[in-house]
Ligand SMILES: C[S@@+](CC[C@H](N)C(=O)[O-])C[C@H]1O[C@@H](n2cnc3c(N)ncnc32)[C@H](O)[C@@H]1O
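Just one chain is shown here, as structure tokens, and it is the form predicted alone.
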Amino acid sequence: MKSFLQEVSVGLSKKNKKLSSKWFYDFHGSILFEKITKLREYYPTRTERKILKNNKIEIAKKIGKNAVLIEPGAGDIKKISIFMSTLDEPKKYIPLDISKDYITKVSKGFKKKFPKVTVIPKGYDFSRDNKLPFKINSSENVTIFFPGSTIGNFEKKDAIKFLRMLKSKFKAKKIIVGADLVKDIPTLISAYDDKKGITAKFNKNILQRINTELGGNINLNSYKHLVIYNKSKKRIEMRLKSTKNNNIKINGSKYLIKKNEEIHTENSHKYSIKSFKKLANEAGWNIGKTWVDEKKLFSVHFLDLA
């Protein structure tokens, strides 16, 4: 709660107002995102699932025997189920999610499905420099599973820092990571601005959380969901545009959001195979294998130590 309030206070005090996309994800936000992944417009999830399914035997060989699998930002943990039964005697699965309630709930079904694997769900915000809520034996086959193009939410320098941190703090020897690919702009825009308006609700959930958890008085109807493609930075940007002057109160502090002012809530960087390889190499990782779907919409990479 304290970190949420601090980040909201700093973000709304800036000239260019900004809130971190990680705050979308309370229990309700996680449910909304699950709905987004099933939308016709939202190609990343079904495309990545297909890549994982088509290459699960090769992925299992790359991961190797007795794996300790850690999934930061695990969400509904459905993707790892695609290849878990193909793995050679996996030891442990540790799903991490910012919403402890959500990850605890979804892990129950996973435990029933894979009774031989030790499952340890933890509420954990990997974007902060917190101590890990579990012990890691550096001699084990520690493999990070980081699907869903979450790597795209980071600025380039932060993505490099994150990949380095997986090696130093998580003691990872291997990573399976998803990265969304550069493509035509209409396909990208519609993926983040669906006709049913579910992504708009997801975007506004950050405002709802401010009201619910921090005692805010924000009128959600005074903000419009906005999606743009930033060509120079090759990224989708999600924003909340104020439709009028809004004086809001949060925990005793006041903030003015002017008419047409935007609160920047999310970036989703898109990569080419070449640019992602460069990023991984800069972070000290080697790309051992890349899998891509036939339409070249999405990529999954196997990284090992360079």
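All residue numbers refer to positions in the sequence shown, first residue = 1. All values derive from a computational prediction rather than experimental measurement.
One more form of this protein, predicted in complex with the named molecule, exists but is not displayed; see below.
Contact check for P95: every heavy atom lies farther than 4.5 Å from the named molecule in the model of the complex. Contact check for K22: a heavy atom falls within 4.5 Å of the named molecule in the model of the complex. Under a 4.5 angstroms non-hydrogen atom cutoff, the named molecule in the model of the complex lacks I206 among its neighbouring residues. Of the heavy atoms in S107, none are within 4.5 Å of the named molecule in the model of the complex. Contact with the named molecule, judged by heavy atoms within 4.5 Å in the model of the complex, is confined among 119 to 127, 223 to 231, 84 to 92, 210 to 218 to 119 to 127. Of all the residues from 55 to 73, those having a non-hydrogen atom no more than 4.5 Å from the named molecule in the model of the complex are E71, G73.
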